[in-house]
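So this first bit is one chain, no partners, the form predicted alone, shown in structure tokens.
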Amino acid sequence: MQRIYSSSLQKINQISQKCWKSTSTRVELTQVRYPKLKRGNYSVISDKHISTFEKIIPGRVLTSATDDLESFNTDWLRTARGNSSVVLKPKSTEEVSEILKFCNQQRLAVCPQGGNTGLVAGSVPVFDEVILNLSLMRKIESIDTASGVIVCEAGCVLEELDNVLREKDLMMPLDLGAKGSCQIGGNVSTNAGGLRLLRYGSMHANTLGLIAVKADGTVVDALNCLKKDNTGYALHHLFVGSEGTLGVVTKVAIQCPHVPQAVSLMFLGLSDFASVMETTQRAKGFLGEILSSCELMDLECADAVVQNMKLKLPLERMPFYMLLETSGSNAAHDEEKLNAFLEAVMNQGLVLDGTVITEPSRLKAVWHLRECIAEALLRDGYVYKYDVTLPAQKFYDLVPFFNDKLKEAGALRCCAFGHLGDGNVHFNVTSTEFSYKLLGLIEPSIYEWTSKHRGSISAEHGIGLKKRDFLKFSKTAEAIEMMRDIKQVMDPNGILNPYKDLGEARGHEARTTQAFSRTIPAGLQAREPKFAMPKEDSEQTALRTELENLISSIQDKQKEVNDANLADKCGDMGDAPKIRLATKKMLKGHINKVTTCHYSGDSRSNYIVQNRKLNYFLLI
């Protein structure tokens, strides 16, 4: 058995290393993909600059000469890649201030970076900007249980904050699929929404105060911890949603709600979008005081999860699925309301089938179906992702509008999921590889359509690089000019996250033409760059087959020694005393995570290790 396990681990390492190397070479430089996007008038990093950085943060300067910076330069979707040669990792606001002051004096462009889970290429460089990575700024300064306010540094991971707060009967108001990797500074800087905005609001609503560093190194202390502070301009709101273009957020104060005593989930199957809309309105009325989330996914999204993630749906295949979550203080009361609501909508023919879920492990499993849609679609090859807000009655109209012409042009899926409760739809198109033809059919048509129906081209992902040329579809010329005025005052040299949002500061615009021309660049007509997830070659296939055979061997060995079951061995035992489970450490991943859970019924220490993707528990 030991030999088989060791052999399996070796094969896993071989496959993972080979797959990583093959995928890492697939991401073309952003500056090559968009040749009309020109580098601004910034200095080029030199050895003298590196020496100064080493003096400011000794031992925390990564350079391309000695370190692999691929993961810092490449976005999570693997659609954008910068060419930065240096990554700086400060540990304090003071260090951030010193770094920015020096960069501003030397006219070095800076790309602030958190967990790098963004979807609009806003957290990776375009050219050779200095990457300012805040992942080491992870101190929790205070938790006020009386007022429900946490003060922490920008590099704290969202899920880790939530775990700490839950020990004090509090929780983060934000919940995202990327919660195991995303950082609170990035959440604030992009004004993240998430799964429970319907109940708890966005980061704008929950950020009471913050500390940010301007481009010239000036520290703006707006770290208010009060719910009410009507003393002039709300300066902290200036940085919320600014995506690092006005200043670098280093510390935040977040309003945190109490953990609900009862959480339930309803998974519904419906036949058409008209029924979805009617059911949504009924839910808001019938479940109003306890409704915390209202989510939608269509059949193509569900199929992607089943086919690519090998997961199983609680219901049969249906055109639409809804997830309704309630959070209250009385489990019996909430479950009774949910069952009554389900019975009513099914009797009226609005819902074809549904189930109410209250058991914690099943709650997580069903939520995982929704949270892993992004990864499931990515496994098709290449994903064109769009995050827009639309009026409720237009929420799903993008799919029928685009579906036929995109499928004829080679799209694999044209689908939508999202936050039905607040109008935020995630429209996704997949193909085996990147195609200029598909992109030209989608953009700018999708933004024109959204603007025509008085929607927003960005609901929660921000503008970043990918949407900068389409801002005019959601903002008037006067509003954009006012944003430029603010940028000019805050960052006159334009060093903070250039090429994003509005582009560069005034005086730099002439160097940049429309970045996202839909004309195929000269020299690329004969070849379209390959942005697909790589196909397995013969070696990978052989390794994977061998690994599957080894797993089968392990399972066969396990069956041989499985001469008893737990029920037989424990049948004469009395009830076990109550134990308390508490998460002790989270091993981070973007979507699929491994957690360790500590428990003890006496003086001994015990650990349970859980892998949510492979569905196993290991008792230590």
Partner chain sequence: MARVLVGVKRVIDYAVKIRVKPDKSGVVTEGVKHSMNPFDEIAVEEAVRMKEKKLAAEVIAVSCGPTQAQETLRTALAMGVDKAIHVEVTGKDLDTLQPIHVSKILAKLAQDEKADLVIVGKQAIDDDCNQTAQMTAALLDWPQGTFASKIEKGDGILTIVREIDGGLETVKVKTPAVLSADLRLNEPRYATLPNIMKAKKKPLKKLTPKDLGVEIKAHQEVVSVEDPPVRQAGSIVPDVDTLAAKLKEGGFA
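Numbering follows the first chain given and starts at 1. Given the structure is predicted, the values throughout are model-derived calculations rather than measurements.
If you look for the form predicted in complex with its partner chain, you will not find it shown, but the lines that follow are about it.
The three residues L268, E343 and P360 all sit with a heavy atom within 4.5 Å of its partner chain in the predicted complex. Look at 98-106, 390-398, 182-190, 308-316: in the predicted complex, residues with non-hydrogen atoms within 4.5 angstroms of its partner chain sit in 308-316. Contact annotation: D353 falls within 4.5 Å of its partner chain in the predicted complex, judged by heavy atom distances. The closest heavy atom approach of L543 to its partner chain in the predicted complex falls outside 4.5 Å. Taking the partner from elsewhere, D485 is found to have every heavy atom lying beyond 4.5 Å of its partner chain in the predicted complex. Among heavy atoms of N339, some come within 4.5 Å of its partner chain in the predicted complex. Checked against its partner chain in the predicted complex, the residues L77, L165, I463, V366 give one hit for a heavy atom within 4.5 Å, which is V366.
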